[in-house]
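Just the one chain here, the form predicted on its own, laid out as structure tokens.
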């Protein structure tokens, strides 16, 4: 007979059975402990990602590897622990090439979901943009090593009918990758291949012809938080003012698609209220091309891909009391940064010398004193100047943008709905 015990999680007494997994017990009680590698069918647990780190009996450790015992005391929602877990997720984003708007698993990705639940608006670590190979050799799968977080789920769970492993860890240390046995992979049924794709917490394992793309709202992690209460993500008041006086806004689009500016306009009739509260100075919205005065806030869309972008961004930093990046391109490079994994010379050759649409005899790379110089990579805005606040999304919703702006300018408190805080 299972022994009944009492444990404590963040001061809450919980009755459970001895020897159960701590993450499962917490989930049953509505306590969110994030994890990327934990999978209830794998025992003993993998304990590879460390995203579930909590204080267990006074010592930090992975909750997924802890078994309940009488008198166990657990701390989950503690500022330093939440910061540690957030840093781990940020490092995973920075070390892999996670281009959420272009990923087949966006909206169904566990790593993306952890970022949403923790309120990760940007990574404090620079993105590495490693040029890892994409393996197209398997019969029905594509292995995207750039997205793999080495959780080990596939190694343990994906087996052939004769119980042989399909995936395995290869190399050691920082060079570790998940390799695939082509012979064993060919033995998998379509259902088994799809199960492998679904067990992966990111988009590292894909099955050809089986796209996971769905409309927003129909994906797993679009609308509802797993927490009891939706996470409140408050803008950080760095230099905001308390008085509700009319303010001046400047905006610009750098290496982006102008989608974030289109989103700003999606406030629709709210623009009639907005013009009573703010003036726009330098902005493509009113076609004012030069600053006429210092501005209270500057909204930056797009990263920096050429010398002109850097010059404009530095001018905004000088002229704006608050500088805010809007959208994934401005925050870390976004889709334009897909070229960061390829040498600049190869990019230019592909675009101008080897392009199928080049006219005969026109195989030249444009150059001249009047043209901005292309940078070696696309840089996030915070790599060039200090940024005060980040609004993620591709693009962020109009509500998200203007809630943040109102908070920063007038100190108006707000919370971002889970459905508004997205990377795609």
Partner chain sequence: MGTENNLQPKKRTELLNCLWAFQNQHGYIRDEDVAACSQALGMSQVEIEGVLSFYHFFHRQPAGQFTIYLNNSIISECKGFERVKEAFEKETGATFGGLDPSRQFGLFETACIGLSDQEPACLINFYPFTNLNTLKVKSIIAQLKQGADPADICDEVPDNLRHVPQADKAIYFRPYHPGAALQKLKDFSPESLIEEITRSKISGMGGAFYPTGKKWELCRQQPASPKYIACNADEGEPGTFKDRVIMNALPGLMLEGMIIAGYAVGSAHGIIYLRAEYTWLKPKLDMAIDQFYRMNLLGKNVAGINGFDFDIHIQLGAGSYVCGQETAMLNSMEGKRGEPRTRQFFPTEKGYLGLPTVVNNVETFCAAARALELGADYFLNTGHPDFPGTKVLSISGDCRLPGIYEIEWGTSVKEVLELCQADDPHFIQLSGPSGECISMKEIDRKIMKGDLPCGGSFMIFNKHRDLLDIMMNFTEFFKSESCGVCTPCRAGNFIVQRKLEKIAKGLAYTTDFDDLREWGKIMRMTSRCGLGKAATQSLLMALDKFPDYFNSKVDNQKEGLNKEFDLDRAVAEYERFTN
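Keep in mind it's a predicted model, so treat the numbers as computed, not measured. Positions refer to the first chain, counted from 1.
Same protein, other form: the form predicted in complex with the partner chain, not shown, and the subject of what follows.
In the predicted complex, residue 289 stays away from the partner chain, with no heavy atom inside 4.5 Å. For residue 374, a non-hydrogen atom is located within 4.5 Å of the partner chain in the predicted complex, even though that partner is not displayed. Looking at residue 95, you'd find a heavy atom of it within 4.5 angstroms of the partner chain in the predicted complex.
Of the heavy atoms in residue 58, none are within 4.5 Å of the partner chain in the predicted complex.
Exactly one of the stretches 147-155, 289-297, 248-256, 69-77 approaches the partner chain in the predicted complex with heavy atoms within 4.5 Å, and it is 147-155. Note on the partner interface in the predicted complex: the residue among 186, 223, 265, 344 having a heavy atom within 4.5 angstroms of the partner chain is 344. Of the residues 199, 88, 337, 212, just one reaches the partner chain in the predicted complex with a heavy atom at 4.5 Å or closer; this is 88. Annotation for 159-198: interface residues with the partner chain in the predicted complex are 164, 165, 166, 167, 168, 169, 170, 171, 172, 173, 174, 176, 179, 180, 181, 184 [heavy atom within 4.5 Å].
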